[in-house]
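Next up: a single chain in structure tokens, the form predicted alone.
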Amino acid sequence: MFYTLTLNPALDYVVETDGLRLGETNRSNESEIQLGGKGLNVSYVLGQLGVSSVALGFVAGFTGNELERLAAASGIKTDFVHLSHGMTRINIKLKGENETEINTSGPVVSDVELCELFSKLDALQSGDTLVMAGSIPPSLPNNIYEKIMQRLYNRGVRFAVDASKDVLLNTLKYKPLLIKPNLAELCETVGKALNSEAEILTAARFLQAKGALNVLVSMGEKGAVLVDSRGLEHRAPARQLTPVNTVGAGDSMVAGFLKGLQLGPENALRLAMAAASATAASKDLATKAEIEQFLR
């Protein structure tokens, strides 16, 4: 069974405008409310690929109720902890000539509510996969991913981690099945600029030597590289397309890789690139039909 963990999910208020003029009244061309949260994105794309998952995390208030409703309408099964105070955050995505985001901090999680999440995680069994992705609420310790992996490591649970810097480095001793930094995150994690494919692969092997089994690095228009669990290198060029929506492309890549891995790393990388490209070329997260079109 697959589980995704989004500690700080959100409703994304997406507003399209011809231009943003500070200090003036601006008019939108179009607006909508979307699900926000990297783990939720992974769950949605896994569902499109025929893989069942359960989305875990925290929700609060009337915005949390709406997030659960939207998740159910999207076919995502959830098992959230309901917080007693605050509300699930609303992030603002302004799309025009440039994209601007305003991300809020989210509600406070109490020790009792964190223990409730741990109880849900304790139900995971050997062979289950837990995907941990997204920001950590300020009220939780920065090493929360590490604490969760320490708790579940000896139970045979597999992990996929989408994080950077110390948050990522501290999880590697628990041998995650997959880590997927983008190029900027990889540079931040190793503490230096990476200017060539050789340098990127060296950095990926550095993270693998610390414990990661598969290291998948997304590089936007330059495609992706993978160092698989056998130590072999794989390269995938980016598809030639006009990006419509970059939000969720990395999460789609994670979902595609995990689905495809049962048929080997080459197939996993191929499906990962198809899912990421399909989302980038779509207004929203990719559907099954759109992913299959890129596979063809």
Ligand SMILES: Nc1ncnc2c1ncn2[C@@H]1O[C@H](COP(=O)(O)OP(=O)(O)OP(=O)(O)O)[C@@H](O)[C@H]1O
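A quick note: this is a predicted structure, and the numbers were derived from the prediction, not measured. Heads up: residue numbers just count along the shown sequence, starting at 1.
Not on display, but discussed next: the form predicted together with the named molecule.
Residue-level contacts in the predicted complex: of Ala224, Leu186, Leu168, Ala212, one residue has a heavy atom within 4.5 Å of the named molecule, and it is Ala224. For the candidate set Ser135, Asn91, Ser139, Asn182, a heavy atom within 4.5 Å of the named molecule in the predicted complex is found for exactly one residue, namely Asn182. Contact with the named molecule in the predicted complex, defined as any heavy atom within 4.5 Å, is confined among 150-158, 115-123, 100-108, 212-220 to 212-220. Interface membership of Ala10, defined by any non-hydrogen atom within 4.5 Å of the named molecule in the predicted complex, is ruled out.
Using a 4.5 angstroms threshold between heavy atoms, Arg239 counts as touching the named molecule in the predicted complex. Taking the partner from the other structure, the named molecule in the predicted complex has no heavy atom within 4.5 Å of any heavy atom of Ser31.
Interface residue remark: Ala268 is not counted as part of the site for the named molecule in the predicted complex, having no heavy atom within 4.5 Å. Residues are counted as partner-facing when one of their heavy atoms sits within 4.5 Å of the named molecule in the predicted complex; in 16-41 only Lys38 qualifies.
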